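Here you get one chain, nothing else, as structure tokens; it is the form predicted on its own.
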Amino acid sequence: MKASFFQKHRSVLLFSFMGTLLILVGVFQSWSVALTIFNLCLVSAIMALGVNIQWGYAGLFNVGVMGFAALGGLASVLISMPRVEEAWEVGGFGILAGFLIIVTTVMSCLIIWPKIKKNKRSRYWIIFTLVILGYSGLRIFFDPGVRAIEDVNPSVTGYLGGLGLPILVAWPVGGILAAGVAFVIGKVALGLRSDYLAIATLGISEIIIIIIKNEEWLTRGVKNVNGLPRPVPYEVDLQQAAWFQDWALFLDLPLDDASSLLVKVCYALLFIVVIAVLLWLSETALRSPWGRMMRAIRDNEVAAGAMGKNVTWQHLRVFVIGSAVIGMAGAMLTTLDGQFTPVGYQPLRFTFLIWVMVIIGGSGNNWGAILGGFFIWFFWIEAEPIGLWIIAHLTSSMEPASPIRAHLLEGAAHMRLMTVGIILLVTLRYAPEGLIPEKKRM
């Protein structure tokens, strides 16, 4: 059957439609809002790309997306924030001593476990004794150090700070940190069935976020870390530059508006470079023999295993790669926000959004994941103003003081979840494989 014009140019038409929506926001709202949405869409698309690598390539059901994103945000703090010298002086030794005790305990257990093979009961008792001794030693040094650190000017610092390196260094470090945690999780959980894997990743994600919220000596917890360094110029510095003043005058824009727009354009350019590199690498991997092997494992693990493929090892590899991409996106999001807010990581809510992006865009298609990231985040942000506009026009014939009109206008501000649900249902009904389906490769 001859393909229609839409089927031939599906990707171009859909991305053009998405671009048109962003332009309409710039025209009818403001270009600052349009660029803000565009930058958030880019970060969301990178997260969706990471989930697509896990699910679309290998069929791994990871519900711990926000945990890995939080690790990326944590990397931004640990890499870019300046070192708090006073905190290190009063509590740094206790933290380092506790860390060395943990490492020594773990290494001792790993060395002793395989050497005691004959008497298994004594092996368990020795390991148990080592763990108790290690935990006791940890508390002796760690707890006083933590209390001392958190008492150092808690309204401003109360934590150790970071390394004071450029914030861009935190992006790959966020990916490495998430990949390391994913490796540990994968070694334990990837032997489980898909539904158990989902439960395990969700539980571990909650644990990661709870630790980040409560360990104030490391992240300031719910007090947040503000003032993260930027990889782009500050608006105040731009406004004081003569060349920028001339440029703003040429464009007939106020200095505040012009500086805000330029900063957001700089962020967009950085994000575009990252997503372009990740997309190129993902597409190259998907077309390679490794990509064909992963799709074969996804479609039939038993047959792939019978052909001599190590299914568990390949699952671990792709799980680590996808988590690294998510961690990098988490670091980028924290950089864009300029602050680290642990309470903002809500595993169920935002993990659901990322999964909807992958499903609607097209599972197994990298371009589809990026389109889904743009599409869902755009409507997640714009559902409120669009809902208010629709309700205002539908109720324009009512009295201004009408309680029904007031109730409808008040409820229109909470249309996000309903809008995303409707989009998901309609897409699954008329495009069950996603807006840009996976290409059938031989």
Partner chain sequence: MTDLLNAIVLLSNFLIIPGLSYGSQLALGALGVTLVYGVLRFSNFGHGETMSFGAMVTILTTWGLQSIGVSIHPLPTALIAIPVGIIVTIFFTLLIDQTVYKYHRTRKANPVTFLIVSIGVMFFMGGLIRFIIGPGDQIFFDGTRFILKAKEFKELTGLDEGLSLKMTQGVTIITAIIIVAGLFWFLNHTRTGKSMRAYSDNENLALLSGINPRKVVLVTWILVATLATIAGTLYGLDKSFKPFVYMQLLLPIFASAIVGGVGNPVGAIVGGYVIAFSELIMTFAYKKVVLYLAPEGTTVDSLIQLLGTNYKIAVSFIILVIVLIIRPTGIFQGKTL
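Numbering follows the first chain given and starts at 1. Quantities reported herein were computed from a predicted structural model and do not represent experimental measurements. For the two forms, the rigid core is made up of the largest set of C-alpha atoms that agree within 1.5 Å on superposition.
Only in words, not in the display: the form predicted together with the partner chain, which the text now covers.
Out of K117, R287, R121, R139, which one falls within 4.5 Å of the partner chain in the model of the complex, going by heavy atoms?
Flagged contact: R139.
Only one of E86, D257, E301, E215 comes within 4.5 Å of the partner chain in the model of the complex by heavy atoms, so just point that one out.
Exactly one listed residue reaches within 4.5 Å, namely E215.
Residues in which of 175 to 183, 312 to 320, 344 to 352, 154 to 162 have heavy atoms within 4.5 Å of the partner chain in the model of the complex?
One stretch meets the cut-off, namely 344 to 352.
Check, residue by residue, if P233, V236 and L269 all come within 4.5 Å of the partner chain in the model of the complex, counting heavy atoms only.
No residue of the spot touches the partner chain in the model of the complex.
According to a 4.5 angstroms non-hydrogen atom cut-off, is E206 in contact with the partner chain in the model of the complex?
Yes.
Please run the contact check for G411 against the partner chain in the model of the complex: heavy atoms, 4.5 angstroms, yes or no?
Flag for G411 set to yes.
Given that the partner chain is not shown alongside this chain, does L428 nevertheless sit within 4.5 Å of it in the model of the complex, heavy atom to heavy atom?
The answer is yes: L428 has a heavy atom within 4.5 Å of the partner chain.
Is I391 one of the residues lying within 4.5 Å of the partner chain in the model of the complex, judged by heavy atom distances?
Contact with the partner chain, yes.
Since the partner is left out here, which residues of 55 to 89 would have a heavy atom within 4.5 Å of the partner chain in the model of the complex?
The stretch touches the partner through W55, F61.
Quick one: once the rigid core is lined up, does I404 have its C-alpha move by 2 Å or more between this form and the one not shown?
Yes, its C-alpha moves 2 Å or more.
Align both forms on the core first, then report whether Y430 has a C-alpha shift of 2 Å or more between this form and the one not shown.
The answer is yes, as the C-alpha of Y430 shifts between this form and the one not shown by 2 Å or more after core alignment.
Superposing on the rigid core, is the Cα displacement of T395 between this form and the one not shown 2 Å or more?
Yes, its C-alpha moves 2 Å or more.
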